[in-house]
Structures are given as C-alpha cells and as structure tokens.
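The chain below stands alone and is given as structure tokens, in the form predicted on its own.
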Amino acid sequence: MSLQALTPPLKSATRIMMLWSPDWPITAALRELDLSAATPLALIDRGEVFACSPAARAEGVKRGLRVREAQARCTDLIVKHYDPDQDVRVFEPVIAVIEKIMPGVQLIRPGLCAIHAQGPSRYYGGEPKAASVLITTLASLGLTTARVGVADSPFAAEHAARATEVLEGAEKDPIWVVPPGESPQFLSTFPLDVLEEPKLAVLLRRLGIRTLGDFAALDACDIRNRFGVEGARAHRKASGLDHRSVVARKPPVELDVVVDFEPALVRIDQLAFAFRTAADRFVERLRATGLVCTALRVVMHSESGEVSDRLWRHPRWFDADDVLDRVRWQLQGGGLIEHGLQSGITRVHTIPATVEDLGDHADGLWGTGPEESIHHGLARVQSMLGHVAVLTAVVAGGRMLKDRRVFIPWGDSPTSHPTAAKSEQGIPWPGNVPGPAPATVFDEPLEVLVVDAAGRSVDVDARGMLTNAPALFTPPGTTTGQHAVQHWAGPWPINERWWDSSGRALNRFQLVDDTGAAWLLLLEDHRWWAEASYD
C-alpha cells in the first residue's frame, strides 16, 4: 500500500459557498429589455450565438450557430448583440443585496460569486439554512433559477452548484452541500473537461485517465514533474485541495457629497456658508484616497423642481475654496440676482467627474500662489461670460502649420480635441515639417516670388522634380527687393484628400536668402507662398 493511500485527506480550513445563476447573460438581457422568461432570445457575438434562452434551446438553437441558422430553427427568435458590460451592470444590484445579509462576497464573474460559509452558517444555524436564506433573498429579486453549492474549495463548490441541475424528482434541490472532507469523493466521477484544460485532458485520455478521481489518484510530485505548474494546479483541483481563499471585494469609496437643506435656502450667501463644511469634506475624501479632482460636476435642485447641472473643469485641481466658488458661480451665472434666488435650493450634489493621482499634481518648488490667482480669475470670467469665452492655445496635429494652432476652452484637457490628443500622444503626422518649428506662422500664406538665374519662375514637374534651381527670392510685401538664394531644400510633396475634388496638392520648401533670413515656402498651382519664417 502506498504512503499516499495511508495519508488521511486534508480538510479545508474554510468552507466556501458558491452562488451560481445559470444563463446569466440571458437573464441580464431579459431583465434589461423587460422581457418574460419564456421569450426565445439569442445573444450574438461575432456573428455566432453566444448564449440563448431555454425557449430558444427548445427550438434547437444552441451556442456556436450562425445567426441565419439559428433564425431558421426558431422563426420567432429575438436577436440582440451580446454586451458584457450589461452583465456586470445588472449583476451589481444582486451583489449589493447579498452583501447586506452575508459579508465577504467575491465576484468571480457576472452570475457567479463566492462567499465565506463560516460566518453565515454560524449566524443562520448551519450551512443548509444559510444557503436557503440566500436562495430566498434572490427569489425576492426575481432570480428563481439561482443555485448554491457548499464545499471545501471554490472549484468543488462551483461544481456542486452546477450539479443541482441534474437532480430530478424528490431529490431536486437548488442547494448541494458537500460534507467537510468529502470534496475529493464528490469530484471523483466528474469528467476531465471540467478542469478547462483541453490540452491536458487530451493527453490524460491517451494515458487511460477518464475522470477526476483517476487523475487525483496519481502522485502529486509525478504530476508536477511531468506536466509542470499547470498540471499540478489541475491535480489539486481534482483532489479537492484548491484552497484559494475568498477575497472579498472592496466597494469603491463614495466620493460624492450630497447636502440637503430643510428649509430651502433662498440666499446665495446663506448657501455658500452652509456648504463650506461639505466642500471641505469633499476634498478631504479625495485626498484620503490619494486623488485630486480635475473636473467637477455640480447638480443643484430647487424647491420648485428645477435642476441646475453643470460640469466645471480646472487646469490644475479643485480645493475646497474652488468647489465653493463653483457652487456660488453656478447660481450667479444662471441669470439670478446677486443675493436672491428664484426659488430656494433644497439639495447640492458634487460629483468628481475626473480624478487623477495626487502625486501627479504635487506643488512646485516655489509653490503655486501666482498660478492659483490666475486660475481663479480666469475661471471667474469664464463663469460670467460662458465656457467658451476664455480660450487657451494648444499645439495640435496637422500638416499645415496654421492647423496646428488650436484654441480650446480654459480648463479643458487637450485630449478633448482629437488632433491635439494625437499630437500629445506623440503620434507622428504624415507630411509634417521636422523640427525645429518656425517661430512666426502667418495667419494666411503670403505671396512671394522664386525665380531662377534667367528670371523664369521655378516650378515642379509631374515627377516631383524642380524645373530649374532657385536663384532669386522676393520676400512678401515687396515686388522689387530681390535677394539671392543662399541655401534651399525640398520639395516635400503634400497631397491632401487625393480622393476628393476639394483636395490639395502642394510642395514645401525651406529657403535661406543672402540676408540670413530663413523661410518656409509653399508651391501650389504654380504660385509661391510664404507659410512661416524662421526668426
């Protein structure tokens, strides 16, 4: 007899309760679309059926079918695109309800979650009663198909929950509790496919191993030496020794601040005074999590039912005074008088629309006093004249230099402009001018003359070659003051929107005259233009 046979089975230090909701993508879609459970529904991903309802399966629809074949089998089939975000969104209220009655919930995926069984079993008087309470709670939410499995490991508990679907008659029960220490025996009859290791399963079948029990009977050291870490991990699962602990999720920190006023406040100065403490609390919550707010949303409700909703941006980040100023300015900018409101304010809700790491906004060596004064003044003007009344220039992407100068509202991120975002990400723009960039860019190109030594205009032929070499250059604003060309480079062709009749075909040149002035020139339709100058 081997030593392994004499060794008693290890018992898990903790018991795991696994909640499984079959066909969760279908359940989520039915709840989101407000359809009955008897509706034939199929969710499509990449042109194939990803999931289908029981009513659709009864008509022959199954996963992996093409859309046309599925519709041919079930003429009443409702087809929708699969949305994984919808699964998470619909399952979130379910998790919230479970956390109210059983702490320590870990979300495995939408429709499947793990719970520490020790606490709930003590509180409710045993594992079966705790599982029954969980089933009853979910039934009140309309989830009547939920299943619960309890075992020594997450792997065994999940398959205990799935095994309840095969029960029939008097044994039919949505709860399966595997007694402590019996998880290996429970898993012994399961096929190798439940390990979700296809390559390993094929190899084990060639060796004559068909079930998890046969696989678990092999020596663990031999398995690790032959199949590596993945094989050893699968062997532990088959042996019921998958002792991964449940990592309870941490709900996100509530950063919003809501203040209700009863009775309603009818003066702006009263509102500012009453909201000051809330503004401090709003900033302290952010700093406690190592964050700062760069975009703030303020929602105010009035006594008459009106709602004022506005998004405020800050070039740096909001402190408590900035938050208080935005609340006050939002009221004053709505056409109201300085000290009175059309109706009293009953609620102020501040929401951090964009947060960033506090370390990315550390104060400079000399502080931020002058910058804060500038930000405060410009934001005040912006609140009175409108969001687009105060603009700042940023460098954007583009082939023409004037296209690279873009004005965006003060406080907005350059990423809000598509070409500016492309430039900020360092994405090269085809046809752009290599650095250094010209110091002076003209609002509109200025006409110039470039001729050869014989006085003939220089041009570019169909092959992109110069017809003759530039010799004399006439700067913009004059027709007689010709200068000798000392150096020149080009042409660099630009063909914009070649597929459109409104496209442009031009050539770029760099030129230095005998005075030392450097120019960036354009040749378009046989005419020369100065786009910029190098000062």
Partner chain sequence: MLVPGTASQPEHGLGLQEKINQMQGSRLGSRRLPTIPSLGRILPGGALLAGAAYSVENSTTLAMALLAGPSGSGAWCSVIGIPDFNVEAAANLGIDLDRLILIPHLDGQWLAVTAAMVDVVSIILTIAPATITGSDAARLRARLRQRGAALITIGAWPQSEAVLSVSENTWGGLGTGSGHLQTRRLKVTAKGHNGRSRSSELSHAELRQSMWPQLSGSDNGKNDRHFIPRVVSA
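Only a predicted model underlies this, so the values are computations on that prediction, with no experimental measurement involved. Throughout, rigid core stands for the largest set of C-alpha atoms superposing within 1.5 Å between the two forms. Residue numbers count along the first chain shown, from 1.
There is also a form predicted together with its partner chain; it is not shown, and the following applies to it.
**Q** Candidate spot 198, 227 and 358, all three in 4.5 Å heavy atom range of its partner chain in the predicted complex?
**A** No: no residue has a heavy atom within 4.5 Å of the partner.
**Q** Counting non-hydrogen atoms within 4.5 angstroms of its partner chain in the predicted complex, say which of 172, 405, 456, 249 makes the cut.
**A** For this set of options, the contacting one is 405.
**Q** Looking at 353, 139, 381, 274, which is the one with a non-hydrogen atom within 4.5 Å of its partner chain in the predicted complex?
**A** Looking at 353, 139, 381, 274 one by one, just 381 meets the 4.5 Å heavy-atom criterion.
**Q** Quick one: does residue 104 come within 4.5 Å of its partner chain in the predicted complex, counting heavy atoms only?
**A** Residue 104: no contact with its partner chain in the predicted complex.
**Q** Would residue 440 count as touching its partner chain in the predicted complex under a 4.5 Å heavy atom rule?
**A** The answer is yes: residue 440 has a heavy atom within 4.5 Å of its partner chain.
**Q** Taking heavy atoms only, is residue 62 within 4.5 angstroms of its partner chain in the predicted complex?
**A** Residue 62: no contact with its partner chain in the predicted complex.
**Q** Do residue 343 and its partner chain share at least one heavy atom pair within 4.5 Å in the predicted complex?
**A** Flag for residue 343 set to no.
**Q** Looking at 296-304, 274-282, 388-396, 106-114, which one sits within 4.5 Å of its partner chain in the predicted complex if you count heavy atoms only?
**A** It is the stretch 388-396.
**Q** With a threshold of 2 Å on the C-alpha, tell me if residue 443 counts as moved between this form and the one not shown once the core is superposed.
**A** Yes, the C-alpha moves 2 Å or more.
**Q** Given a superposition on the rigid core, I'd like a yes or no on whether residue 58 shifts its C-alpha by 2 Å or more between this form and the one not shown.
**A** The answer is no, as the C-alpha of residue 58 shifts between this form and the one not shown by less than 2 Å after core alignment.
**Q** Rigid core fitted, then: does residue 406 show a CA shift of 2 angstroms or greater between this form and the one not shown?
**A** Yes, residue 406 moves 2 Å or more.
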